[in-house]
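Form predicted on its own, single chain, as C-alpha cells, below.
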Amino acid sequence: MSKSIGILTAGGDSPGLNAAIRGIGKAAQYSYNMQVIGFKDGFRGLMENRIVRLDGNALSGILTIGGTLLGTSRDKPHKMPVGGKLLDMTDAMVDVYNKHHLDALVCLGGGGTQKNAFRLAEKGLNIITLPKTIDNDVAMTDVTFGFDTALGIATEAIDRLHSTAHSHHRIIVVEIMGHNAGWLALGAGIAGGADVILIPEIPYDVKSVAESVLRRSRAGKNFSIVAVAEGAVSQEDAKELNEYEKLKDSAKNKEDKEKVKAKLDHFLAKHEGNTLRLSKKLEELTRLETRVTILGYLQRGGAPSAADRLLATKLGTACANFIHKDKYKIMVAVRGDGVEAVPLEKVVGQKKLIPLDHSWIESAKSIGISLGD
C-alpha cells in the first residue's frame, strides 16, 4: 500500500523552499509511488485543513521561483490565535493528519519550526523536518538552504555601496539580517570587502569601531564600509543581556518568569533602531558623514541560487527516502557532501552560532577587518 505524506512551510520565507517541496514531492511520487498533499500557510493551514494537491503539474516549473507556493505563517500549534484568544490547537492538527490518513508530515523551516514540529511529534505524528533559514543558525546541520542566496544578495549590496561610499567620502553602515547569529553579516562582510563587521557573537565597543575608521582615514582611505548584523550589540548591552539570562535561570515561579520576560521585551524594543543609533554615534566620534542602508527582506527574496537549488533538492529527495524507510522524528541535516538523520530533540532549543575560533573570524582579523572588540 502506497504512503501518503503532507508538507508545510512555516516561519519566514526563504529561497529554495519551492525547490525543496519539488524534491520531496517528485521523489515521493516517482521513486516510491507516494501520495503528496501540501498544507497552506504553515501550521495554521494544517489546523484549518486547507490543502493543495501536489501532483506532477503542481510541482512543475517551481524550481527557480522564490518564496513558497504553499504560503507560510509564524503561527504556533500550541499558541494559535483563534477568536481573539491564544489556544492550543495541536489536537486539531492531529485530527487533520489522521483525517487524511497521512503516514508522515514534513515541516520545512528554521529553529521555531523545528520546535513546533517536535511538539507534533510528541503527540505521536510521524514528523520529518528540513532546515531552512537565511540566518544559517539551525543547530546540527552544516548549512541551511536559503543561506547561500541571501549571502550572495548581501554581498552584491555591499559591492554596490563601495562606489557611493568612495565618491562621497562617507561611512556607509549596512544592516544585514541575523538576530542571534552573524553568519550572514560575517560572510557578506568578508566577501564584499567591508572594513568593519559587527556580529551578535562579538559585542562591540563603538569607540573601537570609530578608531578603526579614523585609522583608515589617516592612512588616506576616504571611505569605510561597516557591515552590521541586526542583532549585533554593544558591550554595555551585552552585559545587560547577560543579567537577564541570570535572572531567567534563577526565576522559579510563573510571576518571576513573567517579570524577566517583560524586562527582556523592553530591552529588545529598545534595541530596535540600534543601527541608526550606531551610525549617529560614529558620525559624532569621527566627524565623518555617515549613511545607513538596511537591506531587510530584500535578502530573502527572488530566485534561489544554484547552490540552494541543489541543496534543497538533495534534502528533499533524502527526506522522501527516509519516509520510505519509516525513519521519523528527525531533521534531515547536511553533513559534508551527504545528509544525516538527526533526532529532533537534539535540534530543538539550540542555535548554531559562530564559534569564536571559526576560520572566517580568523581570516577577517588576518586581513585587518575590525570586529569592534
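If you're wondering where the values come from, they're calculated on a predicted model, not measured in any experiment. Numbering starts at 1 and runs along the sequence shown.
We do not show the form predicted together with a small molecule, though everything after this point is about it.
Peer 1: Within a 4.5 Å heavy atom cut-off, is R119 in contact with the small molecule in the predicted complex?
Peer 2: No, R119 is distant from the partner.
Peer 1: Would R74 sit within 4.5 Å of the small molecule in the predicted complex, counting heavy atoms only?
Peer 2: The answer is yes: R74 has a heavy atom within 4.5 Å of the small molecule.
Peer 1: Flag T133 as yes or no: does it have a non-hydrogen atom within 4.5 angstroms of any non-hydrogen atom of the small molecule in the predicted complex?
Peer 2: Taking the distances in the predicted complex, the answer for T133 is yes, it comes within 4.5 Å of the small molecule.
Peer 1: So in the predicted complex, does any heavy atom of R300 sit within 4.5 Å of the small molecule?
Peer 2: Flag for R300 set to yes.
Peer 1: Name the residue from K270, K248, H169, H179 that puts a heavy atom within 4.5 Å of the small molecule in the predicted complex.
Peer 2: Exactly one listed residue reaches within 4.5 Å, namely H179.
Peer 1: Please pick, from D195, E283, E230, D103, the one residue with any non-hydrogen atom lying within 4.5 angstroms of the small molecule in the predicted complex.
Peer 2: None of the others qualify; the residue that does is E230.
Peer 1: Can you say which of 219 to 227, 201 to 209, 185 to 193, 171 to 179 gets within 4.5 Å of the small molecule in the predicted complex, counting heavy atoms only?
Peer 2: Partner-contacting stretch among the options: 171 to 179.
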